[in-house]
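A single chain comes next, written as structure tokens; it is the form predicted alone.
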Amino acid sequence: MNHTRSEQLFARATELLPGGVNSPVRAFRSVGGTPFFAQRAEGAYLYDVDGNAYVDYVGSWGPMIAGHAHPRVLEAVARTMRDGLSFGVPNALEVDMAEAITAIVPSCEMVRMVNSGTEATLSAIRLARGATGRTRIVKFEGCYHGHGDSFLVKAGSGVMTLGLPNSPGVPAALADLTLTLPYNDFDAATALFDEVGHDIAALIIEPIVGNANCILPREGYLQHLRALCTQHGALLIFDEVMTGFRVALGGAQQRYGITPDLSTFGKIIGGGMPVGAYGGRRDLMRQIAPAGPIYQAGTLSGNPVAMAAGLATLELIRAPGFHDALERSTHALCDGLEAAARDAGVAFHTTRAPGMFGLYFREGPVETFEGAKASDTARFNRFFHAMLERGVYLAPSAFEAGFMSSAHGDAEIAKTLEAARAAFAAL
């Protein structure tokens, strides 16, 4: 493949943007090489500025569950933007979005729109502290909740990809208020709450970890955390920015039958536009200004164009059988990859939930952050480039989940598995 124009753009970008990018994982630092620059996208495919086409398993990091540039989403955006891009006063579409979210996710009796997943998680933590009068929060090793100071302690995603487990610039005093637990460890969670449960405002978790690749909860684990939070008066926050509306219509909380106190969302509810939201019990959400004393605001929150894109996407995925079909496609891809690796004699394991998956160059199972870190990242990096050269784009990090969309059909899966057989053989 020719990448001349991408290389030229990256050379210009490195003089103007830190690392040449506006979000770290895009720089390909983990896998090596030069990132490609996108020109356009359609369905399951990305097209770069040099004219190369890729079957895309990143999907803008999750929002494109119905595929890129879906006609109904584009029509909704075009129709809405003709009336203006932003108003700074309430608009009807943000009410429609709130009605949609609260109808789909019963634990969210009220919701507040924001502009990113990071804003959503920061706001949920502030609400939890204000509502409980406590200061400490609990997070999990390898989970990433955005770049807020409280969350950059033993985080996943790009923090782990770049080898920065704790970021400079985070005050030690603030980091001390963040307690960390190993994901899927029942005893560690019980011991922590027994020791300091009376000080904990909230526990925040990715119910399916998507930022240390893809780790699923052990049976009963999320239920155990729900019981601990209830027992000790702490709030349970599900960060469903990634899993919300993807692993089931009602997210991971529907899939596993858990009722969190607060939830955070993003990605799919913007249909590819910048968006976030947090919601939960009515008594908690009524403490947010102007209804209550806990302040949070945003100039572009509830942006009408973003709301239109998100509402069109939600309408698409509410179609009967949508998530069942997505789950079948995910299994077909992962089963095929495992078979191809087995035939090549390569140690390889996949994890999967509807519409998202993890790739590990090691024997399974992988149920912990330590298990994820034991994957052969050097081998993943070689596999990543072998797939990219064959027209398949995977997340450029061994510590990021992959995403399926309804646009990934039999032809795209077959193309991916053909590329994988050659890539595994090359390893």
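Quick note: we count residues from 1 along the sequence shown, nothing fancier. Because the structure is predicted, anything quoted here is derived from the model rather than measured.
Keep in mind that the form predicted in complex with (4S)-4,5-diaminopentanoic acid is not shown, yet the notes after this line are about it.
- Comment: (4S)-4,5-diaminopentanoic acid is not present in this chain, but in the model of the complex one of A407, A419, V25, I413 has a heavy atom within 4.5 Å of it, namely V25.
- With the partner omitted here, the residue from N303, Q253, N211, T313 that has a non-hydrogen atom within 4.5 angstroms of (4S)-4,5-diaminopentanoic acid in the model of the complex is N211.
- Look at 63-71, 364-372, 384-392, 25-33: in the model of the complex, residues with non-hydrogen atoms within 4.5 angstroms of (4S)-4,5-diaminopentanoic acid sit in 25-33.
- None of the heavy atoms of A120 is located within 4.5 Å of (4S)-4,5-diaminopentanoic acid in the model of the complex.
- Put simply, M307 is far from (4S)-4,5-diaminopentanoic acid in the model of the complex: not one heavy atom of it is within 4.5 Å.
- Proximity of M242 to (4S)-4,5-diaminopentanoic acid in the model of the complex falls within the 4.5 Å heavy atom cutoff.
- In the model of the complex, no heavy atom of Y183 sits within 4.5 Å of (4S)-4,5-diaminopentanoic acid.
- Scanning 378-412 for heavy atoms within 4.5 Å of (4S)-4,5-diaminopentanoic acid in the model of the complex gives just one residue, E400.
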